[in-house]
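Encoded as structure tokens, the following chain is the form predicted on its own, with no partner shown.
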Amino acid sequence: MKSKLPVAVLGATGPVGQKVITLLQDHPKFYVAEVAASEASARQVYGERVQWKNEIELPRDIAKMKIKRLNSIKSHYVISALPADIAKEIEPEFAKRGHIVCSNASAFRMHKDVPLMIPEVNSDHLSLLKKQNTEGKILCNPNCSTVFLAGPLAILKEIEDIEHVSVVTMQAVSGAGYPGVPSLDILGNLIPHISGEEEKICKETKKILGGPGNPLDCGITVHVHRVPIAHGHTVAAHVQFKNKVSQTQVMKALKQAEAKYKDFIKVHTADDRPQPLRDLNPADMRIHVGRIKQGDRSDTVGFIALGHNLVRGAAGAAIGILETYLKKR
């Protein structure tokens, strides 16, 4: 344990905080040293307060921890799974006190001096940290569906400049937190709206795919849907390039990325894949890409992308950003 770095988890009782704890169990570099949550939870025993809903049993050492107040955290490295309204007030205070905050909240994603990162795509955005006038720093991971769109697009834009992207998402109920969407609203149903989601996907994707402080200049049109699936957000996209691009070129580029990054891209060639039930695992950091096909024009190619919204889309993303920060600082 002494060789590992202590990490505090903020918002530790929620679905993302729980997933952070799960992914840090037996992590080679980090361990959970502190847990914090709302004032109502402070000073209670974590195992007695949390409604634990994960694929592994709650680790005994974590279960025995006392939940701390947010202002009493000591760990230098912090992973924040706080709601955006609370993060907006708390995370800058942590940065002022010298903490490195990797945030899952949306509060500072679009701030011009905050890196919004997919490590395999835009780690050069870490240069933005120099503009933060605090001893500590804030780094953000994107909205979950943004990750599954921007990851493949980062590969495709190296083939040819992107003119426009048309996007439809099918997002799992766990993305709404716990208890999430009422059962009578979602069972056997589809909800074609998630507040604020379409705007986040558009703006965040452009920030990630552009240079530091210079968003990508392209059009993005998005429709989002909540669907009755536990975990896994699916993105269906058609990409219009400025010039002709073939399905073969796209497949080749994605395969090269798959070979380069073990935990980034997984390419599927079967007509009926990827599927959340068959292709995701509870610690899956991969973006599963399939159904790659030529559009009705020579400059348009379509694909399906799928990812685990609580892992690559949230908790695992924040952990990956912390790993990248330590590697490149």
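One rule holds for the numbers: they count along the sequence shown, beginning at 1. Model, not experiment: these values are computed from the prediction.
Although it is not shown, the form predicted in complex with a small molecule is what the next lines describe.
Heavy atoms of Ile321 never reach within 4.5 Å of the small molecule in the predicted complex, leaving it off the interface. Interface membership of Arg291, defined by any non-hydrogen atom within 4.5 Å of the small molecule in the predicted complex, is ruled out. Contact check for Thr13: a non-hydrogen atom falls within 4.5 Å of the small molecule in the predicted complex. Shown alone here, Thr169 lies farther than 4.5 Å from the small molecule in the predicted complex, counting heavy atoms only. The single contact residue among Ile100, Leu153, Ile201, Ala105, judged by any heavy atom lying within 4.5 Å of the small molecule in the predicted complex, is Ala105. Residue heavy atoms within 4.5 Å of the small molecule in the predicted complex occur in exactly one stretch of 177-185, 208-216, 248-256, 160-168, and that stretch is 177-185.
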